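Form predicted alone, single chain, as C-alpha cells, below.
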C-alpha cells in the first residue's frame, strides 16, 4: 500500500507519528518522549526525519503536524485562531515549514480571548476536528489529560472552552505531597472500587471542602479505614470530581458528554461522568487525532480521480 502522508501529534513531552494511506489505514507508527522540550534542543527537523527514515518514508511524502511544534517555543509558530470558530478553519490557517526538504504543514491552536476566561488549545482541536462530523451542532466535549479540556459547541462552532489542571494536579499530589506516604506510586486506579465513586460524588457535592477531602485520604489510611489501592482511587476520584464540579459551574449540568479519551483515562472519566448524571459517548483519542490530521492532509494535497496523488519533492 502506498503512503499518502505522515501525521504527527507533537506534545510537550511526547511525539506520536503515523504513516497513513489516503483512506486512513495506518501503515506504520512511531512514538517517543521527544516532545517539544527535547526536540527544541535536538532540533525539530532532525527529530522528525530520524523517525521518518527509520520507517523508510520517502522524501516525497508530506507531513501534517499538530500540537506544541506549532507553539511560540516550537518549530514554527502557528498562531491561534479565535473563538467562536468552526474547527475546520484551523486547516485554512496552517503554516508551512520552509526549507524542510519535504512538504510540511503545522496546524494552529484555538484561543479564547476573554479577560475573564482566557483559554488556549493546541493539539486537542485536531482531535475535535476528527470527530466533528459525528457530533450534534450543540455539544459538550471532554478531552481528559494532563490539562483536561472541555469544549462547548454551539451551532457547530467552538463557542467557548475551559481547562482543568487535573492530570498535573494528580501527579503533584501523588509525588510531592504528604499523600505520597499513603499511595503506592505504581498503583493502578480502578474506578470500580467504592473509594473512587465515593470521592467523585463527594467532590461534586462539596468542592469547597476539597482540601479537607484530600487530607482525609491520608488519615483514613492511618486509622485503618482504607488501603493503599483504595487511597489511589480516592485521590483520582477527588481530582476528577473537583474537575466535574468546575465544569458544571461553568458549562451547566452534565447531560450528554462526548468523551475523547484512550487507555487508562477512558474508564475513570466514563464512570465519573455517569455518576454525575451524564450520558457518555466515547471516542478513541488516537483515532480522532489521526482523522483530524488526515482531513487536513486531504485538504492540502487532494486525492486525484480516486487515486493517491504523486507527491513531488519540493523544489
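Because the structure is predicted, anything quoted here is derived from the model rather than measured. Numbering follows the first chain given and starts at 1.
Keep in mind that the form predicted in complex with a further copy of the same chain is not shown, yet the notes after this line are about it.
- Annotation: in the predicted complex, residues 72, 119 and 178 each come within 4.5 Å of a further copy of the same chain through at least one heavy atom.
- A heavy atom within 4.5 Å of a further copy of the same chain in the predicted complex is found for one listed residue only; from 111, 95, 159, 89, this is 111.
- With the partner removed from view, the residue among 135, 100, 210, 193 that has a non-hydrogen atom within 4.5 Å of a further copy of the same chain in the predicted complex turns out to be 210.
- When contacts are judged by a 4.5 Å heavy atom cut-off, residue 246 counts as touching a further copy of the same chain in the predicted complex.
- Interface residue remark: residue 228 is not counted as part of the site for a further copy of the same chain in the predicted complex, having no heavy atom within 4.5 Å.
- Although the partner is absent from this view, residue 147 contacts a further copy of the same chain in the predicted complex, with a non-hydrogen atom inside 4.5 angstroms.
- a further copy of the same chain is not shown here, but in the predicted complex it comes within 4.5 Å of a heavy atom of residue 173.
- Contact annotation: a further copy of the same chain lies within 4.5 Å of heavy atoms from the stretch 162-170 in the predicted complex, the single such stretch among 162-170, 100-108, 193-201, 125-133.
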